[in-house]
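One chain comes next, on its own, written out as structure tokens in the form predicted on its own.
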């Protein structure tokens, strides 16, 4: 099952002065308070009695099925109650809530390794397989929400990803946000999923460099070794030239870059040629990720153009990895199950699917490689290779 990351609260009160608010959950007995942002997690009627007795100012109540939170009698002035499906929420998690509609989103999970912030739904590409179909809307409020969230995150957070849309749609504001990450989360590695086209402008690359973040990387897609194939996949004429120029400018200024190739029917058959081109022309990038397709968003609408069984490009993928390894390019394979990969690729195969949408099927139970396998996406309309079988 895909973890529910958004929903509607049963109750939301005490926010009359705010249209949008960001809160952090804390445990019973935790005395911390960050300018009214901390809400005590309450799960049972006994918890509720305790917070009333101890005069807690704000609670986040998760329904336990007994209905003990339906009455507002005795509840603190600031109270949010949510359905039982959000029982996974825990102290340290950060929630964004739109109080007039009571709609909320899980922005950060303290115990997860896969935390990401959606920066915007706007994008100047229109990729055939986009998992977050772009919208032409004014959603700059999201940047304000992220700014409010950063001080509430655990300072020991190892990694944080910013995604979109195109995060650099508002480049000045977003790069300012990266500076906030540098100052407030100095131990956190930051990854930005961007199409890279904005970096064709020198002023944007220079502003990015001036952030001087100790662990910042731009993850940029390159779908083919020839412009017209890449441009067709992203549905934007001239995108290939801007993307490659952006990569070159970033590396010229000493910035870290990851190149990403999503594997589907338009890109997988030519993956060996693409990786040969990368090995010759972009061997100086910091990492290359060859990624299985998540069948969601536009990938469902364009399934006839995109679906290819990974077993059908298994040999080409193995050769492509060999080419990059021989060129001393750091390479990983994401989102593909070990049983559809050549064994020579296994050392480069990563458990990359975010935990909230990662799943296995019954055939996987006896597999001796399950603990090292990427598993499957549970989001969208999952597709499986005909070659899926346990490795015994």
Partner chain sequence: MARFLAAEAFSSPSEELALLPFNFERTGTEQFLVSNMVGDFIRLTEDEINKLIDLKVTPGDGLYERAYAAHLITGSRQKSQQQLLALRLRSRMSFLREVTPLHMFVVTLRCEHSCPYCQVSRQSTDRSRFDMSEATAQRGLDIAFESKSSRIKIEFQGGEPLLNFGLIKMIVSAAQAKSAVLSKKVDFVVATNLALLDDTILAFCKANEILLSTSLDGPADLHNKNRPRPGGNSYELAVSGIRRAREALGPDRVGALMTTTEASLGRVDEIIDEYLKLGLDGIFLRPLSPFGFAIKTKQYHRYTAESWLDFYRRGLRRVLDINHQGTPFREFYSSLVLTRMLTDRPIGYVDLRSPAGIGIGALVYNYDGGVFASDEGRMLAETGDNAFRLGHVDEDNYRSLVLSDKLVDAISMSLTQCAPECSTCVFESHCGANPVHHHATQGDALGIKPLSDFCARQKGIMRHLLRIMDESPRDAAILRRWAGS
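Residue numbers count along the first chain shown, from 1. Just so it is clear, the model here is predicted, and its values are computed rather than measured.
Note that the form predicted together with its partner chain isn't included here; everything after this is about it.
Engineer: Within 4.5 Å, heavy atoms only, one stretch in 83-91, 109-117, 154-162, 230-238 touches its partner chain in the predicted bound form. Which?
Structural biologist: Only one stretch passes the 4.5 Å heavy-atom test: 230-238.
Engineer: Taking its partner chain in the predicted bound form as the reference, which of 282, 217, 207, 289 has a non-hydrogen atom within 4.5 Å?
Structural biologist: Of the candidates 282, 217, 207, 289, 282 is the one lying within 4.5 Å of its partner chain in the predicted bound form.
Engineer: Its partner chain isn't shown here, but in the predicted bound form which of 302, 169, 99, 149 has a heavy atom within 4.5 Å of it?
Structural biologist: Residue within 4.5 Å of the partner: 302.
Engineer: So in the predicted bound form, is its partner chain close enough to residue 226 to count as touching (4.5 Å, heavy atoms)?
Structural biologist: Contact with its partner chain, yes.
Engineer: Taking its partner chain as it sits in the predicted bound form, is residue 128 in contact with it (heavy atom to heavy atom, 4.5 Å or less)?
Structural biologist: Although its partner chain is absent here, residue 128 would touch it in the predicted bound form, with heavy atoms inside 4.5 Å.
Engineer: Taking its partner chain as it sits in the predicted bound form, is residue 252 in contact with it (heavy atom to heavy atom, 4.5 Å or less)?
Structural biologist: It does: once its partner chain is placed as it appears in the predicted bound form, residue 252 has a heavy atom within 4.5 Å of it.
Engineer: Is it the case that residue 328, even though its partner is missing from this view, gets within 4.5 Å of its partner chain in the predicted bound form, heavy atoms only?
Structural biologist: Residue-level check for residue 328: yes, a contact with its partner chain.
Engineer: Check, residue by residue, if 174, 199 and 263 all come within 4.5 Å of its partner chain in the predicted bound form, counting heavy atoms only.
Structural biologist: Judged in the predicted bound form, none of 174, 199 and 263 sits within 4.5 Å of its partner chain.
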